[in-house]
Each structure stands twice: as C-alpha cells, then as structure tokens.
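In the form predicted on its own, a lone chain appears below as structure tokens.
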Amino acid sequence: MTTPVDPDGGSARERILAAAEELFAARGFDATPTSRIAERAGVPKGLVHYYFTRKPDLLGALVERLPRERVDRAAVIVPGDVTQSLCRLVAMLDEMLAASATLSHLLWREADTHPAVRDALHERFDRLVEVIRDVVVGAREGDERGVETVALLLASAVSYRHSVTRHAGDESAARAEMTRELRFLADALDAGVS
C-alpha cells in the first residue's frame, strides 16, 4: 500500500493523527466528528476511515504515539546526593513530558471512558515509578529502604505537575517548590521514614 504524501513531506496518516490530537484535546473525543478531523488534516473523510476503520482506532493510534521516557540514569545520579539526583531527574522528565503535553492532556481527559487509554497511562506511571526508584537507589548507593514510597510520591507529584502545566503561572516558583519537595523526600529517606 502506498501512503499518500502531501507536498510538505508529511503523510496523510500523520496529518490525520495530528489533527485528531489537536481537536480531541480541544473539544474532546466524543465532540469531535471524523469529518472535522478530515477537514483539519486536509484530506477526504474517506481517507480517515481508510487508515482508521473506527473513530476509537484514532484514539488507539494516539496512545501509541505517547513517548516512552528514556532516562540516562548515569546522567542524573549523583552518588550520595539524593536531592541533586532527583532535581536532575525531574528537570529531565519535565523536558520529556513537555514534548507530549497536548497528547497527555487529551489522554488524561479520555482515560475515564476508554480503557485502553487508562491502561496506557497506568503503564506510563509505572515506568515513571521504576525510573525514580532506580535513580534513588543509585544515589543511595544501593540502599533501598523507603525507596518505594518516595518513588510513588514523586511519580504522583511529577504526573500532577505535568497534568496542570498548561495552567501554571510562575515556572520558577514551581521549580523552587519542587526542589523543596525533593529535599523533603531525601531528608525523609535519610531519617529512615518509609
């Protein structure tokens, strides 16, 4: 099968996905007809159905586009310094998550009514917990006491921050607040609280 390509080099399928992502995020999945997606993508409506038999297939394809955060642990771990390690990790995660802010917003919006979306978001959260856990254990040079609790708390905080980023005001104040929270978590680990 040959994929139709537009003059700017983007495939029709990619234009359809980009239009669906934008419109679903702005209006919601149920409120967005495929005819509007086709119009926004600059393709005939039949082409939308050629690539995506049913409208939920579009949502499934968007779930697949959700980036998988890959963190170079060696670049963030500072042995013996949990706070600095977590600050580096959160900065890296913020950058990665910002790249998919619109898509993530759309998926959070649709998670309540679409099990595949909810499952994908749960998997993303679990990967985030694992990365945080690995960084904390690395910074603590193998000491795993209390790490699971810290990983779950920080994953929740990062996920929350990312979900409301588009509404954030003062970014530097938010970073300072997160640094205080990271220091608190590191101090709790040092004190043996779990």
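In this text, residue numbers run from 1 along the sequence as written. What you see is a predicted model; the values in this text were computed from it and never measured.
The form predicted in complex with the DNA exists for this protein as well; it is not shown, and the discussion that follows is about that form.
- Although the partner is absent here, residue 47 is a contact residue: one of its heavy atoms lies within 4.5 angstroms of the DNA in the model of the complex.
- Though the partner is left out of this view, residue 70 does not reach within 4.5 Å of the DNA in the model of the complex, counting heavy atoms only.
- Contact between residue 53 and the DNA in the model of the complex is found at the 4.5 Å heavy atom cutoff.
- Contact between residue 33 and the DNA in the model of the complex is found at the 4.5 Å heavy atom cutoff.
- The partner is not drawn, yet in the model of the complex one stretch among 126-134, 140-148, 37-45, 154-162 has residues with heavy atoms inside 4.5 Å of the DNA: 37-45.
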